[in-house]
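The chain below stands alone and is given in structure tokens; this is the form predicted alone.
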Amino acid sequence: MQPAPELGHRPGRTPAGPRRPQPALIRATHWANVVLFVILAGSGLRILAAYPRLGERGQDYGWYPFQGASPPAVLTLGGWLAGARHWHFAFAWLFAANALVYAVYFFASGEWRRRLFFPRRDARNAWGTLLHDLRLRRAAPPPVGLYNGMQRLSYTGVLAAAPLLVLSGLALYKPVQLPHLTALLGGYDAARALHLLVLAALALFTVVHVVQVALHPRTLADMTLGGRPRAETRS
């Protein structure tokens, strides 16, 4: 049985030659992002601990269930508010630079074709993978190209959420100098809530990602070593 072609494949095209499943720049930015995200999350939680409430003073957000609850100290980084701010703002620029390098390569190289979630190609595969991971289906559906549908769905969700993390972070960093951005996000307090929600979403993704890696350990080796070269077609 022939594997399903990836998006962008056109029958009759000449194979473009062997290519590693995970290009070197994708791997480098991925692991750099892991380190940077841990530093930003830890320092961000330390900043939150200085005032562990959302909303203006005396006007707590009713929907936020953790008013006044500080994050566990073991998850924080920076020691105190000023120290955490130094860590957070310094490494935020590195995070943005790393994301920019990744984004330029992602679209210029055409990697988006085989990594983003496209419902027509991936929805059925994602549902089958979910049933398999929940032990409701015996056989896992075969991956379509580089990833299975659930991996692509998670991957695309992270890429969609990451710009919100950067924009809300800028609104918090320079609310006076960037008033239009702050207003667009609903104000300083709303930007702070959004920043925290995106962090929570990315933390949840990390948990799911680790579970998926445990279920498909070959992906860890591919993301570290690049995997074995294989012939792929160019659209």
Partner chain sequence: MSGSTRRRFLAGAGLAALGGLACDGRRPQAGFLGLMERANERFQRALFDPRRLAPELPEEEESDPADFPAYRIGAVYPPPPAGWALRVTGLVARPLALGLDDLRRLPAARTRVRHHCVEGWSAVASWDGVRLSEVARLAGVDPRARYVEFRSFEPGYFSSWDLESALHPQTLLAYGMNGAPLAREYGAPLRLYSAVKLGYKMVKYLAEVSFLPVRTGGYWEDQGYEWFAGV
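Numbering follows the first chain given and starts at 1. Keep in mind that this is a model prediction, so the values were computed, not measured.
Omitted here: the form predicted in complex with its partner chain. The next part is about that form.
No residue in the set 122, 132 and 215 has a non-hydrogen atom no more than 4.5 Å from its partner chain in the predicted complex.
Not displayed here, its partner chain is approached by residue 83 to within 4.5 Å at the level of heavy atoms in the predicted complex. In the predicted complex, residue 202 stays away from its partner chain, with no heavy atom inside 4.5 Å.
In the predicted complex, none of the heavy atoms of residue 66 sits within 4.5 Å of a heavy atom of its partner chain. Its partner chain in the predicted complex is not approached by residue 191, whose heavy atoms all lie more than 4.5 angstroms from it. For its partner chain in the predicted complex, the listed stretch (122-130, 147-155, 90-98, 160-168) containing residues with heavy atoms inside 4.5 Å is 90-98. Interface residue among 32, 26, 196, 178 relative to its partner chain in the predicted complex, by the heavy atom within 4.5 Å criterion: 178.
The partner is absent here; in the predicted complex, the one residue of 210, 184, 38, 50 having a heavy atom within 4.5 Å of its partner chain is 50.
Shown here without its partner chain, the chain has no residue in 134-161 lying with a heavy atom within 4.5 Å of that partner in the predicted complex.
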